[in-house]
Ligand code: N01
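Shown below, as structure tokens, is a lone chain in the form predicted alone; questions about how it binds or moves come after it.
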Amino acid sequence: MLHRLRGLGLSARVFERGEGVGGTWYWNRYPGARCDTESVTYSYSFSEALEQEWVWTERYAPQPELLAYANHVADRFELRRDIQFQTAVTSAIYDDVVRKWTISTDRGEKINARFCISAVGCLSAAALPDYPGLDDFAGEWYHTGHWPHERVDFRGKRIGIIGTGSSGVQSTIAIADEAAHLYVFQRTPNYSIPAWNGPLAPDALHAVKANYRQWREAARYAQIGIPFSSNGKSAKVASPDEREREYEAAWAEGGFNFVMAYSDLLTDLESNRTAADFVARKIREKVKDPGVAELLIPNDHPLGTKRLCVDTGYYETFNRANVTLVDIRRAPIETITPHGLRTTTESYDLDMLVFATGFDAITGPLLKIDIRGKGGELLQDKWAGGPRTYLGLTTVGFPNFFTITGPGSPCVLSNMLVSIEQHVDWITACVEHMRNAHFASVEPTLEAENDWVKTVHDIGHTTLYPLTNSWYTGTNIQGKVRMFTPYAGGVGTYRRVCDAVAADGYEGFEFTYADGSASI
């Protein structure tokens, strides 16, 4: 976004809470952290020179490589001079009279800006369970979303990890290699598909780079922003033999491709069950103890309706003598003790606790900031019943305020780099349109916002996602309104809608001139 705004000749400043760039790859340094989207796709496309010069070393890049990439981009385009690090934004207040935002930081600064653009991410507000006794724990404890920069030593220690989402899956594999004993406290088992990760062969990387334009275009119009597609058939009408062949091929390919094997796996329960049964058989094949295998097989949600995990050796980890799976759905955690934790049935002596308990997702990072629009309206109040946006980019009553990958966009259902770039390009074009037409401010109309909120809801409820308790629906956070907020119609369809809105003179937006007169 900073690069694009500079291209328009505008001055811009980025405020970053961390000491460096990288976003999620700056904060999530836990052992085993890596991207669950293939490196060649999870990368910027705005510079052909950049994508040709950078050499990815693995199919799924590990956190250090992703952080190195982010730093390379920042240096290559000389972005740091306009980024203020170690600075948290505490408030953003819109002034109705001068039509500007006042941004306040935890350093006591106040900065006036015509536009306020949120790039806080969807998964940056860590969620820590409110277990009693944590303050009395005598050992070390960490959250995967705020991992220390220095190496954490697991050798010879009894470690408890709480949570089995993506971060929990990845860190379990890595910690088990070092810990004297690892206890995995699992409330809800998740589906995990093999990544088959390994070194990225030079000839494979060369082939991608030789056709990057076509590869990128395919990603921009794919369902989830990754250039693969389903066979267009329904799983439930295919023969058992045909399904087995399709699932075996998708399993051998690995990654998110599995859930795209048939076109209705995320919209039809009967079809979804055929894929879930296949994965269950694979888990039973991998895990030697039948009882442990059954605990690892999800039974309360359709496959893919929680964030699908991608792993290298997760289920096999439970064959190790130094790993114990603890079912905290059957026996919940009661309290953290000075030397471990206690469930309703047993106590565990631990030297270290690792919380892989996720995030207050999608809306959490925004609502932790005091954001006030016209008339002092608080964003927290406007979104008290759930987020309301137009296109996931803007919200009524908050002029010149844009949300990159905000609620109501494909965001977490997509390859984030593809969605981020699409939003950045759209915002840039809108700002340029305003400059050319001499508009002072822009916000959506109430009718457009209402229609979009309904569209997101209606499309979401044609899928299986709303059936599941997850951070997709906000049910992982106590008191949060249950609402499936991402746009589930697909990255390509969403892009076409946004492009059509812009082509029609930004249909659904109200622009205002400096004298206060409006142009709809």
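All residue numbers are counted from 1 along the displayed sequence. It should be emphasised that the depicted structure is a prediction, and the values quoted were computed from it without experimental measurement.
Quick note: we don't show the form predicted in complex with this ligand, though the next part is all about it.
- Using a 4.5 Å heavy atom cutoff, none of 369, 402 and 410 lies near this ligand in the predicted complex.
- Under a 4.5 angstroms non-hydrogen atom cutoff, this ligand in the predicted complex lacks residue 464 among its neighbouring residues.
- For the chain shown alone, residue 339 is not a contact residue for this ligand in the predicted complex, no non-hydrogen atom being within 4.5 angstroms.
- Taking the partner from the other structure, this ligand in the predicted complex has no heavy atom within 4.5 Å of any heavy atom of residue 456.
- Looking at residue 212, you'd find every heavy atom of it more than 4.5 angstroms from this ligand in the predicted complex.
- Interface residue among 394, 223, 415, 166 relative to this ligand in the predicted complex, by the heavy atom within 4.5 Å criterion: 166.
- This chain lacks the partner; the member of 426, 315, 247, 131 within 4.5 angstroms of this ligand in the predicted complex by a non-hydrogen atom is 131.
- In short, of 481 to 489, 24 to 32, 448 to 456, 46 to 54 it is 24 to 32 that has heavy atoms within 4.5 Å of this ligand in the predicted complex.
- Contact residues in stretch 169 to 186 (any heavy atom within 4.5 Å of this ligand, taken in the predicted complex) are limited to 170.
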